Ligand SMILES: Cc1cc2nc3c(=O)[nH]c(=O)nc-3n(C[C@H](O)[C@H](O)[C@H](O)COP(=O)(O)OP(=O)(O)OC[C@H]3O[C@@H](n4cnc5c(N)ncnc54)[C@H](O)[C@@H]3O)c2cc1C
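Starting off, we have a lone chain in the form predicted on its own, written out as structure tokens.
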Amino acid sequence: MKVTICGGGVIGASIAYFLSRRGVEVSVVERTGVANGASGKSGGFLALDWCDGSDLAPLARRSFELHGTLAESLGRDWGYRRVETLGVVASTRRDVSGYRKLPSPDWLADEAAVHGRLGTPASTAQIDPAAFTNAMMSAAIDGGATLIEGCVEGMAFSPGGNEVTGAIVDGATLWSDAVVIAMGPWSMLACQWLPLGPTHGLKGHSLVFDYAPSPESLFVELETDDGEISSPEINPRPDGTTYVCGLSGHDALPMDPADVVPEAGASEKLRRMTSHVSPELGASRVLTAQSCYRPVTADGLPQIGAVPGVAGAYVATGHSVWGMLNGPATGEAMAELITEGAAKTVNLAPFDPARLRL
């Protein structure tokens, strides 16, 4: 069996890995580079139970388990570690000390208060997302998968048009028994070729600082002098860096992923926000200023499954902020679906792509 996966982010890499373990001949087509988008520029935060009460809960719980298993079994280092996660409130215009329920890490501003413990090492963890995605792709290649640099321009169909027979890559057909669309927000392009509901891109900015504080992950509610409320997230990493995100962007999704850049003034504003929470962190050297687009659907749930009415066509995208968490379980379930006709480890019914074509 030959399967072509369109997209080299965490979803595509995870599908490739689990298919390769089943002996499937896999080709991954990537235009700009493995983990070039959100899969390389996210926070890499993982949570066991933060999706409880939603349709995502079984997927998230299975994937959290898989992250631990993969970290033990693959023999590659992507900065996986269990962490304590704290909720923090900070303000430059009022005293928030009344919210303090727990001691603050010593690297936080005096004006910042820890109001609660959001997760423990039993329920929250972190990874370096680029390292994880590349490790999954490398493991897939070790299992026989092939990584192809190229641009997916369309699908090849059977004479009746109801079955995919391959993907058109840079003008040539890559013949396949099955094709998976896993291009993040650029999966929107596949709506030209397949009966899919849209996937949109939401832009966000992030900074990576040369700073190594204690390892707690922080979710912050920050009020500034002008009354603006923002929600920065801070993730110290084992490699001596600290990742900060939490500033949205407004630029439309460009056609080429290589054209994604921070908007004017965004990195400076995010650095000022950081300084309000931790002056030491905000004053440290910025190693990387970056932006990316998270893939989202109209109802907030991913599309994972067979494309309705077109045999051999599949899609896995729209994971929003939980793509890095849910990549492994998505890959496992998609491999089951493609090779056995049904996913067994996770029920994919809530993520049926047909629901978005109403």
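Residue numbers run from 1 along the displayed sequence. For clarity, every value in this text was computed on a predicted model and none was experimentally measured.
Below: the form predicted together with this ligand, not depicted.
Student: If you check in the predicted complex, do Gly166, Ser176 and Val307 all have a non-hydrogen atom within 4.5 Å of this ligand?
Tutor: Not a single listed residue reaches this ligand in the predicted complex, so no.
Student: State the residue from Leu118, Ala156, Ala109, Leu189 whose non-hydrogen atoms include one within 4.5 Å of this ligand in the predicted complex.
Tutor: Residue within 4.5 Å of the partner: Leu189.
Student: Counting non-hydrogen atoms within 4.5 angstroms of this ligand in the predicted complex, say which of Leu59, Val26, Ala333, Met324 makes the cut.
Tutor: Of the candidates Leu59, Val26, Ala333, Met324, Met324 is the one lying within 4.5 Å of this ligand in the predicted complex.
Student: I'd like to check something about Pro236: if you look in the predicted complex, is any of its heavy atoms closer than or equal to 4.5 Å to a heavy atom of this ligand?
Tutor: Taking the distances in the predicted complex, the answer for Pro236 is no, it never comes within 4.5 Å of this ligand.
Student: Can Gly68 be called a contact residue for this ligand in the predicted complex at 4.5 Å between heavy atoms?
Tutor: Judged by the heavy-atom cut-off of 4.5 Å, Gly68 is well away from this ligand in the predicted complex.
Student: Just checking whether Gly44 would be counted as a contact of this ligand in the predicted complex - the rule being heavy atoms within 4.5 angstroms.
Tutor: Judged by the heavy-atom cut-off of 4.5 Å, Gly44 is in contact with this ligand in the predicted complex.
Student: Could you tell me if Gly150 has a non-hydrogen atom within 4.5 Å of this ligand in the predicted complex?
Tutor: So Gly150 counts as contacting this ligand.
Student: From first to last in sequence, which residues of 224-263 have any non-hydrogen atom within 4.5 angstroms of this ligand in the predicted complex?
Tutor: Those in contact are Tyr243, Cys245, Pro257.
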